[in-house]
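Shown here is one chain on its own, the form predicted on its own, set out as structure tokens.
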Amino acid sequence: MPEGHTIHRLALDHGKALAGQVLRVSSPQGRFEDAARLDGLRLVRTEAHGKHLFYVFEKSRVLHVHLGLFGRYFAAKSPATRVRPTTRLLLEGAERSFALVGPTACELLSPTRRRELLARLGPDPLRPDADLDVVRAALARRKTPIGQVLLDQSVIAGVGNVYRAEALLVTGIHPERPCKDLSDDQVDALWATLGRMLQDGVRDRRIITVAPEELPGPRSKIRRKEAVYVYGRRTCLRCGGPVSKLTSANRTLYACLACQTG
């Protein structure tokens, strides 16, 4: 499933290409019946919160997209001439079009439903309105291991399996450490690390968590397993020791127990 940096990158790219324009909106697949209610409206802006993407149209109409495991966008020039029959949503601007296939959610939200959805999400490290105090309070109440809680979108929005493993490694925190036992300094460091990694992901359009001084070559040419410290690796890129594969939140969590003693 795409992590938060991908959704923020989509919001930036789609906003740059489409915001301020009257769009042609359709559902070639026919499964998004509300497409007709957006067709011919002006797109005001795009926003991201965690793994959720929002298109704000005039007349206070908001399109919500969650890619889930299989959702994907295909970009093309407008008008779109070759459209996959599985396309759930087709957004066409003056010069660019974006076709969405396989999303978990593609729906028109009322203002009330949008507020309800956002209320279920925790702060997003990539958003300027994120409140670290809310995260501190949420963690202080939990005895659950931090490795499990980092995938809970109601605590911190946008973190997925790669970023949780990498941020815990960089901050030296053991994934089975109970949240309530984390010090303020550890929580602050974890939050700052997640924010930096996610922001790098938006810029790079891919996940690179290794510090610039530790990369074996130019950032643009780094191979996938050279771009991370522990995720999907057998040995820790930082210390060379074995990487452990734990199970947390029903997902494999990669950790270096030699580096992560905090």
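The first residue of the shown sequence is 1; numbering continues from there. These figures come from a predicted structure and were not determined experimentally.
There is another form of the same protein, the form predicted together with the DNA; it is not shown, and what comes next is about it.
Please tell me whether any heavy atom belonging to residue 238 falls inside 4.5 Å of a heavy atom of the DNA, as the geometry stands in the predicted complex. The answer is no: residue 238 has no heavy atom within 4.5 Å of the DNA.
* **in the predicted complex, residue 1 touching the DNA (heavy atom, 4.5 Å)** => Yes, contact at 4.5 Å.
Self-check item: Partner contact for residue 172 in the predicted complex: the DNA, 4.5 angstroms, heavy atom
Solution: Flag for residue 172 set to no.
Worksheet item: Does at least one non-hydrogen atom of residue 68 fall within 4.5 angstroms of the DNA in the predicted complex?
Response: Heavy-atom contact with the DNA at 4.5 Å: present for residue 68.
**Report entry** Answer range among 158-166, 188-196, 135-143, 122-130 for contact with the DNA, defined in the predicted complex as heavy atoms within 4.5 Å
**Finding:** The contacting stretch is 158-166.
24, 40 and 114: each with a heavy atom within 4.5 Å of the DNA in the predicted complex? Checked in the predicted complex: no contact with the DNA for any of the three.
field: Contact assignment for the DNA in the predicted complex, among 207, 210, 62, 44, heavy atom within 4.5 Å
entry: Looking at 207, 210, 62, 44 one by one, just 207 meets the 4.5 Å heavy-atom criterion.
Exercise for review: Just give me the residues of 77-101, first to last, that have a heavy atom within 4.5 Å of the DNA in the predicted complex.
Suggested key: Those in contact are 84, 86, 88, 101.
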